[in-house]
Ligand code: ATP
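Here you get one chain, nothing else, as structure tokens; it is the form predicted alone.
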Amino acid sequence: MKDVWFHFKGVLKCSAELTEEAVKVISEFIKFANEDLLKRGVPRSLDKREHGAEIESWEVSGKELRFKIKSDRYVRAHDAALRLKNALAGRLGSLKIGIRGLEVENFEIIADWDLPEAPRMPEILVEKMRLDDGKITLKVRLEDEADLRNRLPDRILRLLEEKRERLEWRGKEEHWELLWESPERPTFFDKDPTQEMQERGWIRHGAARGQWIYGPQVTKIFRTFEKIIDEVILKPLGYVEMIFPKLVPWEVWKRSGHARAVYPEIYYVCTPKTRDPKFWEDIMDYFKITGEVPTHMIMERIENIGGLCYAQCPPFWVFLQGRILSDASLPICVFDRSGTSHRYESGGIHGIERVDEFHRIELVWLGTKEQVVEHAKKLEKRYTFIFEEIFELRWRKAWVTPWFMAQEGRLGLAEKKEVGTIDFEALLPYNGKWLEFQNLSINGDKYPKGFNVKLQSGKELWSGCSGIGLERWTAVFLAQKGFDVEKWPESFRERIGELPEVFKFV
């Protein structure tokens, strides 16, 4: 945003009546403040008479000094109000008059706005918002002086700027650039593979939404994928297995950046406020009598601590948090396949490719910038080998700039294709759409900085991650190759052998 202005209206509460002598001191002080104190911080290249903060008006009533401040971005009105209070306290102190507090009566942020729509801002912080004449005005709710000291207006302005960037991207979550596309290949199926698997008895819905129970046939496909991953990726590239936690506390998501936007998509985890059976006795009795679980009563007795695993790598970083790595240990390549991940997909849920509970192998690699970028290239080649030579898919890959990079000012690195994501997409013959079934991300220093991980040499530590979703791989493979095993690529048939037949239904 080109220009931003702040309007502040507040009251200084004093310990005694403001006498004529005090009013004289205040008048002289405000002249000094407008000429000097509230101009400190304006760049030398700018005219201080035109920039910084200024007390527009003021009046005294009993023990109160009411005043209005206007400012630009250089000396912001909320900072100016605190300066005013602190400096004036010294002047009035000589008259044995103290300042007991600063109250905020009204606060507005006004910014240039040339977009046709206004963003949605949190109502708990922004009471009103209006858009007219190329400007947007936010009336901000500030409870007390602590909100000024905690720089709440600055955070609201940053949020407004972030939302503006999102709108400028026309609502898209990412930018997409085609890198490569495979040749046309024959497909042997034209139906939804999930429906076919259900009809064959290979899978069945679980008790929870977006959850499947996988029968022996699909499970063997999953395990064959894992063998291929082990053979082509994990062993040749030197990956070592770890076990990452699947319950993620808020502190982890705050450091990883997910706390900025993860709320609509996570499965929340709560703990009982106490294990005392008496605290829960009426709930137990309710179920015994009605046969129903009183969830409304339970909600009052639990505390939220975080959520189930949404993206596998953030909780891994706690293992390194606050530590210094030896450069000799680099590059480091680890992976986790110890449990499910969970995302609340809302209306987007479909088949086995868009589910709430899914199975994924997460690859994480760390090193210097050069090592991380070089490893990503090696990994990309390994994926290409699998999708071309073993699966023989109709697929493509694209360079994607995730939204978090725009938030964090990394678009320059994205343009150089140093930080960002490669999406691997496969064609679904039954609907003609492309499905992203694999990704590979270079995250730069995002996680090392968030978790305060450093190198012994002082060099910049980078990382990358890549999640291999077994459901997505299965969905695209069966969508293109169908269910006639004889038509599957020979290289895959050799690895999977015969599919087990265990259950017979009548």
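These figures come from a predicted structure and were not determined experimentally. A residue's number is simply how far along the shown sequence it sits, counting from 1.
Heads up, the form predicted together with adenosine-5'-triphosphate (ATP) isn't pictured, but that's what we're talking about next.
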* Single option in 239, 244, 399, 358 placed near adenosine-5'-triphosphate (ATP) in the predicted complex, where near means a heavy atom within 4.5 Å -> 358
* Though adenosine-5'-triphosphate (ATP) is not shown, can you say which of 380, 192, 436, 145 has a heavy atom within 4.5 Å of it in the predicted complex? -> 436
* Asked: Does the 4.5 Å heavy atom contact test between residue 78 and adenosine-5'-triphosphate (ATP) in the predicted complex come out positive?
  -> no
* Asked: Taking heavy atoms only, is residue 469 within 4.5 angstroms of adenosine-5'-triphosphate (ATP) in the predicted complex?
  -> yes
* To do: May I ask you to check whether residue 354 falls inside a 4.5 Å heavy atom distance of adenosine-5'-triphosphate (ATP) in the predicted complex?
  => yes
* Asked: Does residue 345 reach adenosine-5'-triphosphate (ATP) in the predicted complex if we count a contact as any heavy atom within 4.5 Å?
  -> yes
* Asked: Heavy atoms within 4.5 Å of adenosine-5'-triphosphate (ATP) in the predicted complex: which of the stretches 23-31, 437-445, 65-73, 36-44 has them?
  -> 437-445
